[in-house]
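The form predicted on its own is given below as one chain in structure tokens.
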């Protein structure tokens, strides 16, 4: 399993994937809003989304695991 982590502190503005979805390396999983900018959180590996560990509207911290992807 591969943990997907937030690279900075921000509000989780939108989740664009769902558990069970097949993703490719560098696909956007969710979008953070920080300092009025939209920052995508991408997956480092291709695989299947196994868990989403934050909800839209949550404040996430730098280094926080926000999703888990099982490599293909």
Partner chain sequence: MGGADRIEQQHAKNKLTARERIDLLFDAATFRELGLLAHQHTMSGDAGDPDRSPADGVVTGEGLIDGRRVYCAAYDFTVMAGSMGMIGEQKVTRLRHKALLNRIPMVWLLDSAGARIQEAAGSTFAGSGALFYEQVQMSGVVPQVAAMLGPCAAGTAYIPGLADFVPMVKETSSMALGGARLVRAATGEETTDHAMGGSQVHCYVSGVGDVEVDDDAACIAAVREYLSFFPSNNRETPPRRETDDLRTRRIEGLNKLVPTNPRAAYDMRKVVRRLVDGEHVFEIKPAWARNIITAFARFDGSAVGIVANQPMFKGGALDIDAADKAARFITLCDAFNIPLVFLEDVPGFIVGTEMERQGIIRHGAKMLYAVSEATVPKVTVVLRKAYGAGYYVMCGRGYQPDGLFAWPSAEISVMGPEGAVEILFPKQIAASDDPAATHQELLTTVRRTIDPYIAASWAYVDDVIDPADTRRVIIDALEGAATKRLSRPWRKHGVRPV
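Numbering follows the first chain given and starts at 1. Because the structure is a prediction, the values reported are computed rather than measured.
Absent from the display: the form predicted in complex with its partner chain. The rest refers to it.
Novice: Wondering, does residue 7 line up within 4.5 Å of its partner chain in the predicted complex on heavy atoms?
Specialist: Residue 7 belongs to the contact set for its partner chain.
Novice: Hey, in the predicted complex, is residue 39 touching its partner chain, heavy atoms inside 4.5 Å?
Specialist: Residue 39: contacts its partner chain in the predicted complex.
Novice: Indicate whether residue 18 is a 4.5 Å heavy atom neighbour of its partner chain in the predicted complex.
Specialist: Judged by the heavy-atom cut-off of 4.5 Å, residue 18 is well away from its partner chain in the predicted complex.
Novice: Who in 14 to 29 is close to its partner chain in the predicted complex, meaning a heavy atom within 4.5 Å?
Specialist: Read in sequence order, no residue approaches its partner chain (within 4.5 Å, in the predicted complex).
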